[in-house]
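Take a look at this single chain, the form predicted alone, given in C-alpha coordinates.
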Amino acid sequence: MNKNPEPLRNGCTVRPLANIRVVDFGQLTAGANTSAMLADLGAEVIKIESASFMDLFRSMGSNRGRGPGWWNRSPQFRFTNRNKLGVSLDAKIPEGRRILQDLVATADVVVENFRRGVLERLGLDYASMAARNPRIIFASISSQGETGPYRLHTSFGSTLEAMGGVAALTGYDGDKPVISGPHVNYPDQVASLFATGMIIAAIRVARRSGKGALLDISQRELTSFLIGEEILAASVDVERAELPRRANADEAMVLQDCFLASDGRWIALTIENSIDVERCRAIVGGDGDLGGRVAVWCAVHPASEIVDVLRDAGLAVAPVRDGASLIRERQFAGQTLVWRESGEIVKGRPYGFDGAQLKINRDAPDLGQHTREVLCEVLGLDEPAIQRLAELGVTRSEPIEQ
(Lines give C-alpha, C1' and ligand atoms only; values in the text may rest on other atoms or scores of the structure.)
Protein backbone atom coordinates (compact mmCIF):
# COMPACT_ATOMS: atom_id res chain seq x y z
CA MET A 1 0.00 0.00 0.00
CA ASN A 2 1.55 3.24 -1.10
CA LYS A 3 -0.96 6.03 -1.26
CA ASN A 4 1.33 8.50 -3.03
CA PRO A 5 1.00 7.18 -6.58
CA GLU A 6 1.86 10.35 -8.49
CA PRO A 7 5.42 10.92 -9.64
CA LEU A 8 7.43 13.81 -8.31
CA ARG A 9 7.45 15.31 -11.75
CA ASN A 10 5.75 14.63 -15.05
CA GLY A 11 7.21 11.73 -16.97
CA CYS A 12 9.51 10.71 -14.15
CA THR A 13 9.02 8.25 -11.33
CA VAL A 14 11.71 9.55 -9.04
CA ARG A 15 10.53 8.60 -5.57
CA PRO A 16 13.65 7.90 -3.52
CA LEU A 17 11.72 6.49 -0.57
CA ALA A 18 9.03 4.57 -2.46
CA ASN A 19 7.97 1.36 -0.68
CA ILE A 20 9.14 2.72 2.68
CA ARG A 21 6.42 2.78 5.32
CA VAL A 22 6.69 5.27 8.16
CA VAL A 23 4.50 5.17 11.25
CA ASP A 24 4.46 8.74 12.44
CA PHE A 25 3.88 9.61 16.08
CA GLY A 26 5.47 13.00 15.44
CA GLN A 27 4.09 16.10 17.08
CA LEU A 28 4.50 19.76 16.24
CA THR A 29 7.61 20.60 14.20
CA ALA A 30 10.42 18.32 15.38
CA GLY A 31 8.55 15.08 14.77
CA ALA A 32 5.88 15.99 12.24
CA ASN A 33 8.20 17.88 9.92
CA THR A 34 10.65 14.97 9.90
CA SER A 35 7.99 12.60 8.60
CA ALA A 36 6.64 15.26 6.22
CA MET A 37 9.99 15.39 4.46
CA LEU A 38 10.04 11.59 4.25
CA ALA A 39 6.56 11.74 2.69
CA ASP A 40 7.74 14.35 0.20
CA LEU A 41 10.42 11.91 -0.91
CA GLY A 42 7.85 9.20 -1.58
CA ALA A 43 7.52 7.30 1.69
CA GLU A 44 4.10 6.13 2.80
CA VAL A 45 3.64 8.04 6.04
CA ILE A 46 0.84 6.99 8.38
CA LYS A 47 0.28 9.67 10.98
CA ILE A 48 -1.05 8.31 14.26
CA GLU A 49 -3.30 10.39 16.47
CA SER A 50 -6.38 9.74 18.55
CA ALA A 51 -9.45 11.46 19.86
CA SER A 52 -7.73 11.80 23.22
CA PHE A 53 -4.32 12.86 21.89
CA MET A 54 -4.11 14.87 18.69
CA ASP A 55 -1.09 16.58 17.25
CA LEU A 56 -0.88 19.75 19.33
CA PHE A 57 -0.75 21.80 16.15
CA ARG A 58 -4.44 21.00 15.60
CA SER A 59 -5.28 23.15 18.61
CA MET A 60 -3.12 26.07 17.60
CA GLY A 61 -4.00 29.04 15.45
CA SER A 62 -7.33 30.76 15.27
CA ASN A 63 -9.56 27.74 14.68
CA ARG A 64 -10.01 26.18 18.10
CA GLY A 65 -13.67 26.02 19.02
CA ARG A 66 -14.81 27.67 15.80
CA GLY A 67 -17.57 25.38 14.63
CA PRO A 68 -17.68 21.71 13.59
CA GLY A 69 -14.39 20.19 12.50
CA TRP A 70 -12.24 23.01 13.85
CA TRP A 71 -9.46 20.52 14.60
CA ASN A 72 -9.10 19.80 10.89
CA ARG A 73 -8.54 23.41 9.87
CA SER A 74 -5.53 24.49 11.89
CA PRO A 75 -3.12 26.30 9.55
CA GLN A 76 -0.17 25.13 11.64
CA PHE A 77 -1.21 21.49 11.34
CA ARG A 78 -1.88 21.68 7.62
CA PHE A 79 1.40 23.47 7.10
CA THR A 80 3.46 20.52 8.35
CA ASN A 81 1.45 17.36 7.61
CA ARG A 82 0.97 17.29 3.85
CA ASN A 83 1.33 14.04 1.91
CA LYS A 84 0.43 11.86 4.91
CA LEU A 85 -2.30 9.36 5.70
CA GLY A 86 -4.19 10.06 8.92
CA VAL A 87 -5.19 7.29 11.33
CA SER A 88 -6.96 7.59 14.67
CA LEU A 89 -6.12 4.81 17.13
CA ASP A 90 -6.41 5.36 20.86
CA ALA A 91 -3.50 3.65 22.62
CA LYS A 92 -5.13 4.25 26.00
CA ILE A 93 -7.60 1.50 25.11
CA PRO A 94 -6.01 -1.99 25.20
CA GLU A 95 -7.43 -3.04 21.84
CA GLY A 96 -6.14 0.15 20.27
CA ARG A 97 -2.71 -0.47 21.76
CA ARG A 98 -2.62 -3.96 20.27
CA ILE A 99 -3.59 -2.68 16.83
CA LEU A 100 -0.88 -0.04 17.03
CA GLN A 101 1.71 -2.66 17.89
CA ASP A 102 0.60 -4.68 14.86
CA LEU A 103 0.85 -1.60 12.65
CA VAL A 104 4.31 -0.64 13.86
CA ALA A 105 5.44 -4.20 13.20
CA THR A 106 4.72 -3.63 9.49
CA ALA A 107 6.71 -0.41 9.30
CA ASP A 108 10.22 0.35 8.10
CA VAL A 109 10.49 3.52 10.17
CA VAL A 110 8.93 4.97 13.29
CA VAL A 111 9.18 8.68 14.04
CA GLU A 112 8.30 9.83 17.54
CA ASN A 113 8.93 12.75 19.84
CA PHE A 114 6.86 11.84 22.88
CA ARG A 115 8.01 12.57 26.37
CA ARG A 116 10.51 9.87 27.33
CA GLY A 117 8.86 6.79 28.81
CA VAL A 118 5.47 7.12 27.08
CA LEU A 119 6.11 4.49 24.40
CA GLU A 120 7.64 2.07 26.92
CA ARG A 121 4.42 2.18 28.93
CA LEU A 122 2.44 1.41 25.76
CA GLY A 123 4.70 -1.46 24.71
CA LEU A 124 5.65 0.53 21.59
CA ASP A 125 9.27 1.30 22.43
CA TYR A 126 12.19 0.27 20.24
CA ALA A 127 13.12 -2.83 22.20
CA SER A 128 9.58 -4.18 22.11
CA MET A 129 9.04 -3.46 18.43
CA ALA A 130 12.51 -4.62 17.32
CA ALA A 131 11.70 -8.01 18.86
CA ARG A 132 8.86 -8.31 16.33
CA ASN A 133 10.55 -6.48 13.45
CA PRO A 134 14.39 -6.52 13.57
CA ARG A 135 14.59 -4.22 10.50
CA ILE A 136 12.72 -1.37 12.09
CA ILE A 137 14.35 2.06 12.32
CA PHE A 138 13.20 3.98 15.35
CA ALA A 139 13.83 7.71 15.20
CA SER A 140 13.39 8.98 18.75
CA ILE A 141 13.54 12.76 18.73
CA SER A 142 13.65 14.16 22.22
CA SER A 143 14.54 17.32 24.04
CA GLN A 144 17.60 15.92 25.75
CA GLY A 145 18.20 12.39 24.55
CA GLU A 146 17.32 8.87 25.57
CA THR A 147 19.77 8.78 28.46
CA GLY A 148 21.30 11.13 30.98
CA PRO A 149 20.01 13.06 34.00
CA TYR A 150 17.92 15.50 31.94
CA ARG A 151 16.04 13.00 29.77
CA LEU A 152 12.78 13.50 31.65
CA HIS A 153 13.00 17.27 32.09
CA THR A 154 10.29 19.44 30.58
CA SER A 155 11.83 21.50 27.78
CA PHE A 156 10.87 24.04 25.16
CA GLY A 157 12.94 25.56 22.37
CA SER A 158 13.74 28.42 24.72
CA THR A 159 15.24 26.25 27.43
CA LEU A 160 17.09 24.12 24.89
CA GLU A 161 18.68 27.24 23.42
CA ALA A 162 19.74 28.15 26.94
CA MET A 163 21.20 24.74 27.79
CA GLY A 164 22.70 24.24 24.33
CA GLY A 165 24.75 27.43 24.51
CA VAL A 166 22.95 29.59 21.94
CA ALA A 167 21.19 31.97 24.34
CA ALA A 168 24.49 33.00 25.93
CA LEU A 169 25.49 34.46 22.56
CA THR A 170 22.27 36.21 21.62
CA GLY A 171 21.18 39.47 23.25
CA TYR A 172 21.53 43.22 23.23
CA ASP A 173 24.87 44.86 23.81
CA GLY A 174 25.92 44.06 27.38
CA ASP A 175 22.40 42.93 28.28
CA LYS A 176 20.72 39.65 29.26
CA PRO A 177 20.48 36.58 26.97
CA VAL A 178 17.66 36.60 24.40
CA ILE A 179 15.89 33.42 23.31
CA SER A 180 14.21 33.00 19.94
CA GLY A 181 10.76 31.84 21.09
CA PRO A 182 8.23 29.62 19.32
CA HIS A 183 8.12 31.66 16.10
CA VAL A 184 11.72 30.70 15.31
CA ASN A 185 12.48 27.74 17.58
CA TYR A 186 15.75 26.59 16.10
CA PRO A 187 16.02 23.32 18.06
CA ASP A 188 12.81 21.95 16.56
CA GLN A 189 13.52 23.09 13.03
CA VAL A 190 17.08 21.79 13.00
CA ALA A 191 16.17 18.48 14.62
CA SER A 192 13.76 17.65 11.79
CA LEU A 193 16.44 18.24 9.15
CA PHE A 194 19.07 16.13 10.91
CA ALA A 195 16.56 13.40 11.73
CA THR A 196 15.49 13.05 8.11
CA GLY A 197 19.08 12.58 6.99
CA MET A 198 19.81 10.05 9.70
CA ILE A 199 16.71 8.04 8.86
CA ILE A 200 17.64 7.85 5.19
CA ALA A 201 21.14 6.66 6.11
CA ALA A 202 19.67 4.04 8.46
CA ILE A 203 17.34 2.81 5.71
CA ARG A 204 20.37 2.12 3.51
CA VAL A 205 22.06 0.20 6.31
CA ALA A 206 18.91 -1.80 7.05
CA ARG A 207 18.60 -2.79 3.41
CA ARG A 208 22.16 -4.10 3.37
CA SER A 209 22.28 -5.73 6.78
CA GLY A 210 18.68 -6.56 7.61
CA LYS A 211 19.13 -4.79 10.93
CA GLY A 212 17.29 -1.72 12.10
CA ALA A 213 18.49 0.91 14.52
CA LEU A 214 17.49 3.20 17.33
CA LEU A 215 18.31 6.79 16.37
CA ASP A 216 18.67 8.85 19.53
CA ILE A 217 18.27 12.46 18.40
CA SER A 218 18.70 15.06 21.13
CA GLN A 219 17.55 18.58 20.26
CA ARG A 220 19.81 20.04 22.94
CA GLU A 221 22.87 18.36 21.50
CA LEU A 222 21.99 19.48 17.99
CA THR A 223 21.67 23.02 19.31
CA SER A 224 25.18 22.84 20.72
CA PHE A 225 26.38 21.40 17.42
CA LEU A 226 25.22 24.59 15.72
CA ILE A 227 27.67 26.66 17.74
CA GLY A 228 30.57 24.23 17.52
CA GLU A 229 32.98 26.95 16.41
CA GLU A 230 32.09 29.05 19.44
CA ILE A 231 32.64 26.08 21.75
CA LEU A 232 36.01 25.42 20.14
CA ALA A 233 36.99 29.07 20.57
CA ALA A 234 36.06 28.89 24.25
CA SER A 235 38.27 25.85 24.68
CA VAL A 236 41.38 27.84 23.74
CA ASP A 237 40.42 31.16 25.38
CA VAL A 238 39.45 30.85 29.02
CA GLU A 239 38.47 34.53 29.22
CA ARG A 240 35.99 34.21 26.38
CA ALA A 241 33.22 33.19 28.73
CA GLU A 242 33.45 36.60 30.40
CA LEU A 243 32.84 38.54 27.18
CA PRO A 244 29.57 40.49 27.16
CA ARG A 245 26.94 39.97 24.51
CA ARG A 246 27.39 42.35 21.59
CA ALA A 247 23.96 42.49 19.96
CA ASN A 248 24.45 42.56 16.17
CA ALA A 249 28.18 43.28 16.41
CA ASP A 250 30.70 40.57 15.60
CA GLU A 251 34.32 40.70 16.69
CA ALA A 252 35.42 39.39 13.30
CA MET A 253 33.77 42.27 11.43
CA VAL A 254 34.50 45.99 11.30
CA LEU A 255 30.79 46.73 11.37
CA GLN A 256 27.74 44.49 11.48
CA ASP A 257 24.36 45.94 12.32
CA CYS A 258 20.85 46.79 11.15
CA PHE A 259 19.89 50.33 10.18
CA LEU A 260 16.52 52.05 9.84
CA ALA A 261 15.72 53.53 6.43
CA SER A 262 13.60 56.63 5.80
CA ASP A 263 10.59 54.48 4.82
CA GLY A 264 10.60 52.61 8.13
CA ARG A 265 12.21 49.44 6.78
CA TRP A 266 15.40 47.94 8.16
CA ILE A 267 18.48 46.90 6.25
CA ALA A 268 21.34 44.65 7.41
CA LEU A 269 24.91 45.63 6.58
CA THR A 270 28.23 43.88 7.21
CA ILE A 271 31.57 45.62 6.68
CA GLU A 272 34.33 43.04 6.73
CA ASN A 273 37.63 44.87 6.16
CA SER A 274 39.40 48.14 5.35
CA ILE A 275 38.50 47.89 1.67
CA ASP A 276 34.81 47.72 2.56
CA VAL A 277 35.29 50.63 4.96
CA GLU A 278 36.64 52.81 2.15
CA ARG A 279 33.80 51.83 -0.15
CA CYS A 280 31.24 52.58 2.53
CA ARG A 281 32.74 55.93 3.54
CA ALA A 282 32.79 57.01 -0.08
CA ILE A 283 29.01 56.74 0.06
CA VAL A 284 28.02 57.79 3.59
CA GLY A 285 30.83 60.36 4.05
CA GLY A 286 32.48 61.56 7.27
CA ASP A 287 35.42 60.31 9.29
CA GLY A 288 34.23 59.42 12.78
CA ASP A 289 32.19 56.45 13.92
CA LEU A 290 31.29 54.45 10.80
CA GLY A 291 28.15 52.96 12.28
CA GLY A 292 26.91 56.42 13.24
CA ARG A 293 27.54 57.75 9.76
CA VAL A 294 25.72 54.82 8.16
CA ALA A 295 22.74 55.36 10.49
CA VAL A 296 22.51 59.05 9.56
CA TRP A 297 22.77 58.29 5.83
CA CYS A 298 20.19 55.51 5.96
CA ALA A 299 17.73 57.71 7.84
CA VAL A 300 17.29 59.94 4.77
CA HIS A 301 17.12 57.24 2.08
CA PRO A 302 14.51 54.55 1.40
CA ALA A 303 15.52 50.93 1.91
CA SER A 304 15.45 49.98 -1.75
CA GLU A 305 17.83 52.81 -2.63
CA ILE A 306 20.17 51.95 0.24
CA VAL A 307 20.38 48.34 -0.87
CA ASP A 308 20.96 49.25 -4.51
CA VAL A 309 23.70 51.79 -3.77
CA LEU A 310 25.61 49.73 -1.22
CA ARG A 311 25.28 46.53 -3.23
CA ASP A 312 26.57 48.26 -6.35
CA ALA A 313 29.59 49.26 -4.28
CA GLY A 314 30.26 45.59 -3.58
CA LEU A 315 29.10 45.60 0.04
CA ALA A 316 27.13 42.86 1.82
CA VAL A 317 23.72 44.45 2.37
CA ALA A 318 20.16 43.15 2.41
CA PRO A 319 16.69 44.30 3.41
CA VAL A 320 15.29 42.74 6.58
CA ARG A 321 12.35 40.65 5.37
CA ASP A 322 9.58 39.18 7.50
CA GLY A 323 7.12 36.39 6.74
CA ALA A 324 4.68 38.72 5.01
CA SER A 325 7.35 40.05 2.66
CA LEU A 326 8.48 36.53 1.79
CA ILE A 327 4.90 35.74 0.82
CA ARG A 328 4.70 38.88 -1.32
CA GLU A 329 8.08 38.29 -2.96
CA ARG A 330 7.88 34.59 -3.76
CA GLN A 331 11.24 34.42 -5.47
CA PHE A 332 12.92 34.80 -2.09
CA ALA A 333 10.92 32.02 -0.46
CA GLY A 334 12.28 29.57 -3.03
CA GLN A 335 11.28 26.00 -2.20
CA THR A 336 10.69 26.69 1.48
CA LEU A 337 7.03 27.53 0.88
CA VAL A 338 4.52 25.93 -1.48
CA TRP A 339 1.36 27.67 -2.66
CA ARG A 340 -1.65 25.45 -3.26
CA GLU A 341 -4.26 26.25 -5.89
CA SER A 342 -6.61 27.09 -3.02
CA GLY A 343 -4.22 29.79 -1.88
CA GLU A 344 -3.19 27.81 1.18
CA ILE A 345 0.52 27.86 2.01
CA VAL A 346 2.29 24.75 3.25
CA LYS A 347 5.81 24.16 4.35
CA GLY A 348 8.18 23.30 1.52
CA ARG A 349 11.60 21.78 1.74
CA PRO A 350 14.98 23.50 1.62
CA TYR A 351 16.37 21.26 -1.11
CA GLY A 352 15.45 19.79 -4.48
CA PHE A 353 15.92 16.36 -5.99
CA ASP A 354 17.49 16.34 -9.41
CA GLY A 355 15.62 19.51 -10.24
CA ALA A 356 12.23 18.19 -9.13
CA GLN A 357 10.10 20.52 -7.08
CA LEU A 358 8.08 19.48 -4.08
CA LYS A 359 4.71 18.10 -5.12
CA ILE A 360 1.78 18.02 -2.75
CA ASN A 361 -0.17 14.89 -3.62
CA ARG A 362 -2.37 15.00 -0.57
CA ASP A 363 -3.52 17.68 1.84
CA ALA A 364 -2.89 17.18 5.55
CA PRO A 365 -5.39 14.54 6.74
CA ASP A 366 -8.44 15.14 8.85
CA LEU A 367 -8.31 13.33 12.16
CA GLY A 368 -8.69 9.63 11.36
CA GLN A 369 -9.42 10.27 7.68
CA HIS A 370 -7.69 7.09 6.49
CA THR A 371 -8.25 4.83 9.50
CA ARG A 372 -10.50 2.39 7.71
CA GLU A 373 -8.23 2.13 4.67
CA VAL A 374 -5.15 1.40 6.76
CA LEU A 375 -6.88 -1.12 9.03
CA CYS A 376 -8.23 -2.95 6.00
CA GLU A 377 -5.37 -2.72 3.50
CA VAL A 378 -2.34 -2.81 5.83
CA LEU A 379 -3.58 -5.00 8.67
CA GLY A 380 -6.23 -6.99 6.78
CA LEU A 381 -9.01 -6.35 9.28
CA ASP A 382 -12.50 -7.22 8.13
CA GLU A 383 -15.61 -5.12 8.58
CA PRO A 384 -16.77 -6.73 11.87
CA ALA A 385 -13.32 -6.13 13.41
CA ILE A 386 -13.27 -2.52 12.27
CA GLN A 387 -16.80 -2.01 13.58
CA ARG A 388 -15.82 -3.44 16.97
CA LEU A 389 -12.92 -0.97 17.24
CA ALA A 390 -15.35 1.83 16.51
CA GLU A 391 -17.73 0.59 19.20
CA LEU A 392 -14.87 0.48 21.70
CA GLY A 393 -14.01 4.10 20.88
CA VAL A 394 -10.57 3.17 19.55
CA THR A 395 -11.04 4.86 16.17
CA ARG A 396 -13.05 7.89 17.20
CA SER A 397 -12.35 10.83 14.92
CA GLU A 398 -13.70 13.71 16.95
CA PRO A 399 -11.56 15.01 19.79
CA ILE A 400 -12.39 14.34 23.38
CA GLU A 401 -12.28 17.81 24.93
CA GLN A 402 -9.56 18.01 27.58
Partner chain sequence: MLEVGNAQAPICIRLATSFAGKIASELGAKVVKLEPFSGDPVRQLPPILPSGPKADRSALFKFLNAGKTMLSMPSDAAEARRALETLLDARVDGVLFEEDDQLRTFLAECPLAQVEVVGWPAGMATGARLSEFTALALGGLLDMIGDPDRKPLRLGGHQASYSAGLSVFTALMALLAERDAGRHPPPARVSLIETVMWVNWKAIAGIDDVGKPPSRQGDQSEFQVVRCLDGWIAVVFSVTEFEKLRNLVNSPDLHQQKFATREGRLKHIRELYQRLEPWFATRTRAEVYDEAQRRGVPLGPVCSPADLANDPQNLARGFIVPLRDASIKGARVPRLPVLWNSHI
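Numbering follows the first chain given and starts at 1. Not measured: the values here are computed from a predicted model.
Here the subject shifts to the form predicted together with the partner chain, a form of this protein not shown in this document.
Undergrad: Please determine, with the chain shown alone, which of 72-80, 87-95, 292-300, 104-112 has non-hydrogen atoms within 4.5 Å of the partner chain in the model of the complex.
TA: Partner-contacting stretch among the options: 72-80.
Undergrad: Report the residue, out of 247, 122, 254, 283, that has at least one non-hydrogen atom within 4.5 angstroms of the partner chain in the model of the complex.
TA: Contact check passes for 247.
Undergrad: Counting non-hydrogen atoms within 4.5 angstroms of the partner chain in the model of the complex, say which of 213, 129, 99, 261 makes the cut.
TA: Exactly one listed residue reaches within 4.5 Å, namely 213.
Undergrad: Tell me, yes or no, whether residue 272 is in contact with the partner chain in the model of the complex, where a contact means a heavy atom of each within 4.5 Å.
TA: Answer yes; at least one heavy atom of residue 272 falls within 4.5 Å of the partner chain in the model of the complex.
Undergrad: Might residue 393 be said to contact the partner chain in the model of the complex, defining contact as any heavy atom within 4.5 Å?
TA: Contact with the partner chain, no.
Undergrad: Is residue 29 part of the interface with the partner chain in the model of the complex - any heavy atom within 4.5 Å?
TA: Close contact exists here: in the model of the complex, residue 29 approaches the partner chain to within 4.5 Å, heavy atoms only.
Undergrad: Does the partner chain come within 4.5 Å of any heavy atom of residue 333 in the model of the complex?
TA: Contact with the partner chain, yes.
Undergrad: With the partner chain taken in the model of the complex, which residues across 210-234 come within 4.5 angstroms through any non-hydrogen atom?
TA: If the 4.5 Å heavy-atom criterion is applied to the partner chain in the model of the complex, 210-234 yields 212, 213, 214, 215, 216, 217, 218, 220, 221, 222, 224, 225, 226, 227, 228, 229, 230, 231, 232, 233, 234.
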